[in-house]
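The chain below stands alone and is given in structure tokens; this is the form predicted alone.
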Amino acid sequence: MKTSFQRFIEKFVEGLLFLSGTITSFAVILIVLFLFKEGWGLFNETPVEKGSVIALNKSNPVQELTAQQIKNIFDRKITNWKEVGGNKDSIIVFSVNDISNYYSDAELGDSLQFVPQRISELMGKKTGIIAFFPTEYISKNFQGRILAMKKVTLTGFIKDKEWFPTAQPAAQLGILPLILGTLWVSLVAILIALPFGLATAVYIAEIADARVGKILKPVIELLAGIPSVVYGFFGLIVIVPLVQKTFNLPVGETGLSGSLVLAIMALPTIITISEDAIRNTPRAMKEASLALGATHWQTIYKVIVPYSISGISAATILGIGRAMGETMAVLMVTGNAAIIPHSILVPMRTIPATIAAELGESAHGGLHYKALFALGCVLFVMTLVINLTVDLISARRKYSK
């Protein structure tokens, strides 16, 4: 019989395990909530950074503009107000640095104390003007009209094609190139890694000599402990020149280079978990298959692999997670071009690489900062959807058999 002390120890250990699981689960939930709280704040913002305004002449009928329209106006791609629903009038682009083109130093004041009044005057005189300046230069009797800007929307955030969050006067927050870059690099990496990983796992578990398996498995597991920056250096020195030379490209920093590096990084996870799943196939099932006349290879692909499909699915999910979440190695070899990729052989940028490269440069609580957290939310949802899809497909295959 158990003594009271033994029962106390068991209850105490049970309580510790429960507490550990509860704290871990609570911490994960808090992290996800924090991520979405910070990211969702982006959609209450306009693409003009706080502390600055865009103003028009009061007679201008245009009431609202998008960030893309603002960019095209300041890039001189739109030169007449008629193109954005206004009167037929030439657009005059003005920023505070242009004030000396209209007024002398004496009119602006020794310490620029008259700049607000001069900007107000200019806004009243020029009917076609669009001005971008700090809010501190808005005078009491301001003769212009502050332009209303459309807030950042979830649809626009996902569908727009330009990512330039520090652009002035209006940030360009389109993440479609980043989403496509992430999917291209990650899915090609898995398509490369999964067949090689599964084949290696089958070889170690079912075909290789016991001594060979004892050498191969520790070596493969050792690969998982190599820092990602080392993989990045390897990719930069070996894979990038190889891809450039093989496909005769102007640069070797492409999505394919990133996919090859990620495939190598995902292999240890896929091989280790798949091999463990294959080894857990009951010996009785293997012997029954062989007793019915099946060859060793027939037993592998008709009995062992289908039985191990749940473990192989877990390996695939973890491999996808490793590929989609990797930052440093991808940052070093993909070229980091935030453009719509039409081929795996062009430079591209992924979401994790963007967050890693830009978060340190963004002002806490600013528009850029919130946009990067929103990117994190998108990456979380993408990974979750892909993992659930893989799990669902694997479950259907399992039950259909």
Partner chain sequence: MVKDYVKKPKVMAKDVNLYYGDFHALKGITLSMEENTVVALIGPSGCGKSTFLRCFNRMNDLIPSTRITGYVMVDGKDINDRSMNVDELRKNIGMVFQKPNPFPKSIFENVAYGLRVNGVKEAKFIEERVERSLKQSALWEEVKDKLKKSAFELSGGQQQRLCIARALAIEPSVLLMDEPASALDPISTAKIEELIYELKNQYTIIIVTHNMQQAGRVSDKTAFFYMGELIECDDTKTMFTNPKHTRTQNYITGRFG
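This one's a predicted model, so the numbers in the text were calculated from it and none came from an experiment. Numbering follows the first chain given and starts at 1.
One more form of this protein should be noted, the form predicted in complex with the partner chain, which is absent from this view; the next part is about it.
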| item | value |
| --- | --- |
| Pro250, heavy atom within 4.5 angstroms of the partner chain in the predicted bound form | no |
| Pro218: touches the partner chain in the predicted bound form, heavy atom cutoff 4.5 angstroms | no |
| Partner proximity in the predicted bound form: Glu287 to the partner chain, non-hydrogen atom cutoff 4.5 Å | yes |
| 4.5 angstroms heavy atom contact with the partner chain in the predicted bound form for Val303 | yes |
| Per-stretch contact check against the partner chain in the predicted bound form, the hit in 237-245, 276-284, 111-119, 139-147 (non-hydrogen atom, 4.5 angstroms) | 276-284 |
| Listed residue that, although the partner chain is not shown, lies within 4.5 Å of it in the predicted bound form (heavy atoms), from Thr295, Thr153, Gln168, Ser90 | Thr295 |
| Proximity to the partner chain in the predicted bound form, single hit among Tyr103, Phe74, Tyr307, Trp163 (heavy atom within 4.5 Å) | Tyr307 |
